[in-house]
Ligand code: ASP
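Next up: just one chain, as structure tokens, the form predicted on its own.
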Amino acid sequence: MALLALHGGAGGDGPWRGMTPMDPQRVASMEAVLQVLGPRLEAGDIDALTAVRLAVEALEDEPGFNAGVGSVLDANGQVSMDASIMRGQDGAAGSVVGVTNLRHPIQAAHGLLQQGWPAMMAGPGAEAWAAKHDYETVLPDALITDLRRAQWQKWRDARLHPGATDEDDAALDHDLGEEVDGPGTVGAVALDAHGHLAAATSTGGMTGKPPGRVGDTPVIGAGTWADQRVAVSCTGVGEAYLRACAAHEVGVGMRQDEADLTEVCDHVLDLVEPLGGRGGLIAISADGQVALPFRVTLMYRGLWRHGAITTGIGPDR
């Protein structure tokens, strides 16, 4: 048995209003990832760690999500990205924080995992390490899309709090023909044919964040977790997930005999919610359970299981 689940961020208040103009492309990108990687995972051609790395790389290439190309802009109008990855069978992990010029932050995080030490690198040090090891670098402006510039401009002009426009349902500019509808952090969790688990997460953070801000995504145990029982990737308001050690809490809950993954994940979201933790998470257990819960209007999500692909955005689709 093999399983692969993805998310592309969660957010919003009130009822879901249906798909926006960019949503078909977002969904198609998730479907393409699942269609390519799912059969390879089940056949044993790739392991869980490779699957989540490749999945997140592909989602970093989709400009409709907030990771890699299409990352949101900080208070200074710049891109600053975080990513982490973890292998369940031995707890190996890698993370990069605040990188500005990496085409695929998840690749550098994976490289740190493979190297073994250090587990986490930040800012210019991480960028220098990545360049030395031949990870693709780009000019920072190459990561910025017109949509994210307009989103940042609206945030700045209205003097809003950080992240305010990330969940804005109103069109930012009639020339863009697009609505902003969710933070767009991306993540993947996988169970491979050998029963091993892995998780990965990548993000550009929140619009208007102060330079240097760190959310849950690059922090092992907060935004990403994998052990021999469960793999987890979180999305939402990072500070709350960070304070709750949310991803690790799922792991703690799954230590109980015959633990129900859905109940465990709901309990963790109950812990996160009083801390302002708007969002959701995706999780897969070693015994084949899957949970994709969210407590906001929508969460972009997809699942490959038994050769079938399912995707969703709102509560019913």
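Computed from a predicted model, the values in this text were never measured in an experiment. Start at 1 with the first residue shown and count on from there.
The form predicted together with the ligand exists for this protein as well; it is not shown, and the discussion that follows is about that form.
Only one of 236-244, 120-128, 90-98, 138-146 places residue heavy atoms within 4.5 angstroms of the ligand in the model of the complex, namely 236-244. Highlighted residues S71, A83 and H104: none comes within 4.5 Å of the ligand in the model of the complex, counting any heavy atom.
Among M206, V219, V79, A108, the residue placing a heavy atom within 4.5 Å of the ligand in the model of the complex is M206. Contact annotation for H196: none of its heavy atoms lies within 4.5 Å of the ligand in the model of the complex. In the model of the complex, R229 stays away from the ligand, with no heavy atom inside 4.5 Å. Contact between K154 and the ligand in the model of the complex is not found at the 4.5 Å heavy atom cutoff.
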